[in-house]
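Below, in structure tokens: the form predicted alone, a single chain.
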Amino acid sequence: MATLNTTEAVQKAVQAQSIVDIHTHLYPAAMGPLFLGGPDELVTYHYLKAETSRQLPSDITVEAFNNMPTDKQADVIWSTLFVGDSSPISEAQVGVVTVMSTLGLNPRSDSLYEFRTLYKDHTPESYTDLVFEKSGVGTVYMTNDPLEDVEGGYWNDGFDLDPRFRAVLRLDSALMNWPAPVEKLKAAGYDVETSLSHQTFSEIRRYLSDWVKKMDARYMAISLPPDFTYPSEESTSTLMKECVYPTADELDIPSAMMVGVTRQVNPVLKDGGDSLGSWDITNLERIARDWPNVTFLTTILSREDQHELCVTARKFPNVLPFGCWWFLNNPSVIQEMTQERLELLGTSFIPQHSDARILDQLLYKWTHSIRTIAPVLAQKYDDLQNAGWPLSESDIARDIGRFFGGGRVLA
């Protein structure tokens, strides 16, 4: 068999693959105010707000900037980061340039007028179609919280869910900082107690089971701090052990853990004020060992933890690393992490998710990620050929389908 041009084969396979984005915070147009798209939402995302806070004009304080209406914030960000006296070179800034270029807009415009006009010319439904088509994304997994007042109303009243959007039951508001969730759970019809009693465990398991079935949730997910320990007498750990993991086992769905967020190290920045910390991954070893029949979708925020996560996944087949999350979603780190995972785990991981909160972010997060991941894959396929393995395009297409089609668990 002739030596395959792996760069061309990878690009061909990626272009043919409809991307399954397994973790986003996106909502369909039918969910009204939860749908976020367009230039003002994109430009005022907290990545760019945090970067703007470093360069604000002297007559605008961070507090004053935060209190501006969204469109005014967008104008300040645009004039500061994109029309100012420095090039928009950060990953988030280049992302906006990619979005505008992909939509046929001039990223060096002095204002957002052209972008705003294009967005206003679309309905939310048609804009969704446009972004999905141009990004190559076919399916997104949402982040769904039925205890959130607005979102819960949609699930309780019923709506026509765009089949490209799949549900994921988010657990943070139901479990974190117990007994804070008690009032909302009681209002939703679950007779929990302030104590972590057998009745509380039973009612939370009923809540989880009810909502997984009602939403057709494909997995359950929670974001955890770097000091999360298992097992522990701490309330979140206890609730995970007594409620979440047994429910995942019973319903045969994955439990996703996103670990390492340190909340509000700088509250002045609001959504942009969160940071990160390293997690003791021996906790993951204990979780995976105690629950061998549960698949643990795992992404960890600290770069320093990535090698140990790979080693843990080698030892526990039910640990499935996924994506390059949040502060890791930068090309240099994505390249390093993908190489490391391929060398230690082969194809048994999910290389990326977008974590997009604004629909437009799909246009750049997947473009940038694939631009980074594809050469890493091509090099590994070259190494495989050089070792003597006869490689075919169908081999590569199969692997790409697994990588970007949701993996073995969520395809």
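Heads up: residue numbers just count along the shown sequence, starting at 1. If you're wondering where the values come from, they're calculated on a predicted model, not measured in any experiment.
Another form, the form predicted together with ligand HDL, is not on view; read the next lines as being about it.
Contact annotation for the candidate site: 25, 45 and 325 all lie close to ligand HDL in the predicted complex (heavy atom within 4.5 Å). Only one listed stretch (48-56, 30-38, 353-361, 371-379) carries heavy atoms within 4.5 Å of ligand HDL in the predicted complex, and that stretch is 353-361.
The shortest heavy atom separation between residue 263 and ligand HDL in the predicted complex is within 4.5 Å.
Taking non-hydrogen atoms only, residue 223 approaches ligand HDL to within 4.5 angstroms in the predicted complex.
Remark: residue 297 does not count among the residues lining ligand HDL in the predicted complex, judged by a heavy atom distance of 4.5 Å or less. At the 4.5 Å threshold, heavy atoms of residue 337 stay clear of ligand HDL in the predicted complex, well away from it.
Note on contacts: among 258, 142, 319, 77, the single residue with a heavy atom within 4.5 Å of ligand HDL in the predicted complex is 258.
In this stretch, 158-181, the one residue having a heavy atom within 4.5 Å of ligand HDL in the predicted complex is 170; the partner itself is omitted from this view.
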